[in-house]
Each structure stands twice: as C-alpha cells, then as structure tokens.
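Before any questions on binding or motion, here is one chain by itself as structure tokens, the form predicted on its own.
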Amino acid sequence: MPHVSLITIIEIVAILVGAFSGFIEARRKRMDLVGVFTVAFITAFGGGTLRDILLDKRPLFWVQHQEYAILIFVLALIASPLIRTLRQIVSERLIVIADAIGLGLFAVAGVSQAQAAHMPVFIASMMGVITGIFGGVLRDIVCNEVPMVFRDGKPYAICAFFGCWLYILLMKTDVPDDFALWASATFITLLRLLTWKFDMRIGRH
C-alpha cells in the first residue's frame, strides 16, 4: 500500500487522541485501572477493528502493531494522576478540538485503507465513517450511555462522511495521496469544530 508510513503516523496520532477521550470518560465514571485501560483501548481501536473485520483484513491493525496496544497500556498506568493534572489545565474547548482531530484522522485512515482494498466508493466512504465514530460508540456503550453520536443531533458522522467523499474526489483528480489525506482530515476537523462552535444540530427537535 502506498504511503504506509504516512497512514501509520495518522493512525498513531488518532489512537492517542482516542485514548485520551477514553481516559477522560473512564475518569469521569470513577473506574479502576482495568476500566481505564478497557475504555481507552476500545475507544482507540474500536473503529479500526470493525473496519479491518469488514474488510477481511488480518491480522487486525493493533495486532500487527503490538506497540499500539503497549502504548495504551503504559498510558493507562499513568492515566489517573495525568488526568487529575490535565483537568486543571485542559478546557472543554481543547477536548473538543482533540476529539475533532481524532475524528478527521481516523476517518481518512479508514477511507484510504478501504480504497486500497478496492472497495466501491460508497462502501469506502462508509468505512471511513465507521473508523471515525465507532470507537466512541463502543466507549459510550461500555460506560452505560446511549452513544453520543446517536442522541445529541450533532453531525459527527456527517462531517466524517463529507470528508471521506472529499478524499475520494481528490484521489479521482490524481492529486498526491498525502495531500488528499491531510486536506480531507483538516476538512473534517474544521467542519466538526464549526458545528460545535455554532451548536448545529440535525434531526433533533
């Protein structure tokens, strides 16, 4: 697959952002070390795992790169004191920004790998959406909540969907793959931040 190193960088950053989101939620639920690790793990790897299963890709990406899982394990060990410190200096805005970045990076990683697997374009776009949102869905289910993406009307999935189609269209114009990846991830991130800033909601009354 071309630009494997770039996809790897994107996935690592996305995994870290996803794990951070998991740590925050686990801390809010007052979970122990096992809970913190579990929530961070499924948030970071849930979307990519489902993508790999649907694409029939083996081994799963975090099995192939065990260093990803080790990184989450090490971070979980220091998560409690780290989160206590971060909560004093991290604002809600910064958490939303990190979440938006994770959505953009995970989504473009998903659509890119689906395209590399020669999936039809609509299926590829849906793989990007699944990769972008499913970790958060699993996180909320494990934390005994209706997944946020299904209940608050904010267009997380729609932002990812539009960004995945931007990537597909850019690739049709033969622009460099790395430009298409970064442009699409940036588009998703900015679109998500705009919907948050203006409190845009869809289908909720």
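Predicted model, so just to flag it, every value in this text is computed and none were measured. Numbers for residues come from their place in the sequence shown, where the first is 1. By rigid core we mean the largest C-alpha set that fits within 1.5 Å across both forms.
One more form of this protein, predicted together with another copy of the chain, exists but is not displayed; see below.
> Can all three of Val63, Gln66 and Val149 be found with a heavy atom no more than 4.5 Å from another copy of the chain in the model of the complex?
Spot residues vs another copy of the chain: full contact, yes.
> I'd like to know whether Phe41 contacts another copy of the chain in the model of the complex, with contact meaning heavy atoms within 4.5 angstroms.
Close contact exists here: in the model of the complex, Phe41 approaches another copy of the chain to within 4.5 Å, heavy atoms only.
> Is there a non-hydrogen atom of Glu145 within 4.5 angstroms of a non-hydrogen atom of another copy of the chain in the model of the complex?
Yes.
> Check whether Met171 has any heavy atom within 4.5 Å of a heavy atom of another copy of the chain in the model of the complex, and answer yes or no.
No, Met171 is distant from the partner.
> May I ask you to state whether Pro176 is within 4.5 Å of another copy of the chain in the model of the complex, using heavy atom distances?
Pro176: no, not in contact with another copy of the chain in the model of the complex.
> Which residues in 166 to 193 have a heavy atom within 4.5 Å of another copy of the chain in the model of the complex?
Contacts from 166 to 193: none.
> With the core lined up, does the C-alpha of Val121 move 2 Å or more between the shown form and the other one?
No.
> After superposing the rigid core, is the C-alpha displacement of Ile72 2 Å or more between the shown form and the other one?
Shift at Ile72: 2 Å or more after core fit.
> When the rigid core is used for the superposition, does Asp178 move between the shown form and the other one (threshold: C-alpha shift of 2 Å or more)?
No, the C-alpha position differs by under 2 Å between the shown form and the other one.
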